[in-house]
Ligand SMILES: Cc1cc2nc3c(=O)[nH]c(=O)nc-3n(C[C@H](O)[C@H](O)[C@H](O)COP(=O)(O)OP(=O)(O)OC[C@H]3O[C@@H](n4cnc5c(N)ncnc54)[C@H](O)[C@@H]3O)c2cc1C
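Next up is one chain by itself, shown in structure tokens, the form predicted alone.
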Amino acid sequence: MSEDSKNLLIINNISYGLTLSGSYKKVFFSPKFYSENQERFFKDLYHSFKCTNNLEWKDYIEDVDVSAVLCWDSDEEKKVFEEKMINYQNRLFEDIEFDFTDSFSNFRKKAEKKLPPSYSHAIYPQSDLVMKEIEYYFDEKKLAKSYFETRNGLVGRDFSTKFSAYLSCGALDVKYLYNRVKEFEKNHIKNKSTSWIIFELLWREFFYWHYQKLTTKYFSEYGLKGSLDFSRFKDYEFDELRELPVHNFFYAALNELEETGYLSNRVRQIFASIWLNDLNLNWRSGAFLFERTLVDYDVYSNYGNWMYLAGVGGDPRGRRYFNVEKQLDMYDPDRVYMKKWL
């Protein structure tokens, strides 16, 4: 191996990559993105790592000679990068044993027993942007104490943690976030809200380890329910979707998604229900729309959730249906979301 190839390429898990930077001649950051929102998010994040002198943005990875790569560890990437991949993912566990047929509730029971009081090797955020968000949520506004009551909100900054984008690219170490929750419980209050933040982190963990058992079934037409089918599916454009006759909520969600690259968890579920049940569109088309637009895209959570809602995941209850008006009456009775995004 030439001296010039002693370089590290970071596609994902940037904070961990920066802890290794002293071992490499150069460190390149080349995140995967499709949309302008995704590109803007990653470039803002890149510029927030002021403490690193040898981190270089790369638009194209084909012209980079590297000896190691940090990325998602999906099968496709394993084929591309082979022995160059560093075996590290931004997860709570290094490994966990469970049956792939287990439901999330069974996984959760096993996982919670393995959670420590705190992690001793958590990575401190090296981004000013991430640290500012952490301090705002836990220290300034102390929002962790009310997360359970607000988590289904549709509009605003404070109803949810807004950490998902930083977790998905590894700018925020999930172990560090876990430690901050436990610290908040110690210094302020331990309640259903703080426990629910950890609950959500375990959902994220579940989909990752579930994928490790089932791999390409996550991208198959029939999911876990049948034979592998990777036939082509339609890739929809926003203007094309706006022509479809459907509830106005769908158009509002499209507008928010296109403008910001973000949807709340509740909006995503209602949107997916309309996609699958009212429009009868392919679930993989919906999953790919999210992949190419969401700034917090996480390959395992994204495809795992779409499979779950489409009724081809591990849960036996079948396809999920959300009544739009009922959902709005519960979570947005004044129709603030509709007024804002229509």
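Don't overthink the numbering: it's just position in the shown sequence, from 1. Fair warning: this is a prediction, and the values are worked out from it, not measured in the lab.
The same protein has a further form, the form predicted together with the named molecule, not shown here; the description that follows concerns it.
Asker: Which residue, 251, 136, 236, 203, is the contact with the named molecule in the model of the complex, using a 4.5 Å heavy atom cutoff?
Answerer: Contact with the named molecule in the model of the complex is made by 203 alone.
Asker: Between the options 162, 132, 247, 242, which residue brings a heavy atom to within 4.5 Å of the named molecule in the model of the complex?
Answerer: It is 162.
Asker: Each of 219, 275 and 312 having a non-hydrogen atom within 4.5 Å of the named molecule in the model of the complex: is that the case here?
Answerer: No: none of 219, 275 and 312 comes within 4.5 Å of the named molecule in the model of the complex.
Asker: Would you mind picking out the stretch of 187-195, 123-131, 264-272, 209-217 that comes within 4.5 angstroms of the named molecule in the model of the complex, counting non-hydrogen atoms?
Answerer: Result of the contact check: 264-272.
Asker: Using the partner position in the model of the complex, report whether residue 27 sits within 4.5 Å of the named molecule, counting heavy atoms only.
Answerer: No - in the model of the complex, heavy atoms of residue 27 and the named molecule never come within 4.5 Å of each other.
Asker: Tell me, yes or no, whether residue 294 is in contact with the named molecule in the model of the complex, where a contact means a heavy atom of each within 4.5 Å.
Answerer: Yes, residue 294 sits close enough to the named molecule in the model of the complex that at least one of its heavy atoms falls within 4.5 Å.
Asker: Please check if residue 147 has a heavy atom lying within 4.5 Å of any heavy atom of the named molecule in the model of the complex.
Answerer: So residue 147 counts as contacting the named molecule.
Asker: Examine residue 167 and determine whether its closest non-hydrogen atom to the named molecule in the model of the complex is within 4.5 angstroms.
Answerer: Residue 167 belongs to the contact set for the named molecule.
Asker: Using a 4.5 Å heavy atom cutoff, which residues in 279-306 contact the named molecule in the model of the complex? It's fine if the answer is none.
Answerer: In sequence order, 290, 294, 296, 297, 298, 301, 302, 305, 306 come within 4.5 Å of the partner.
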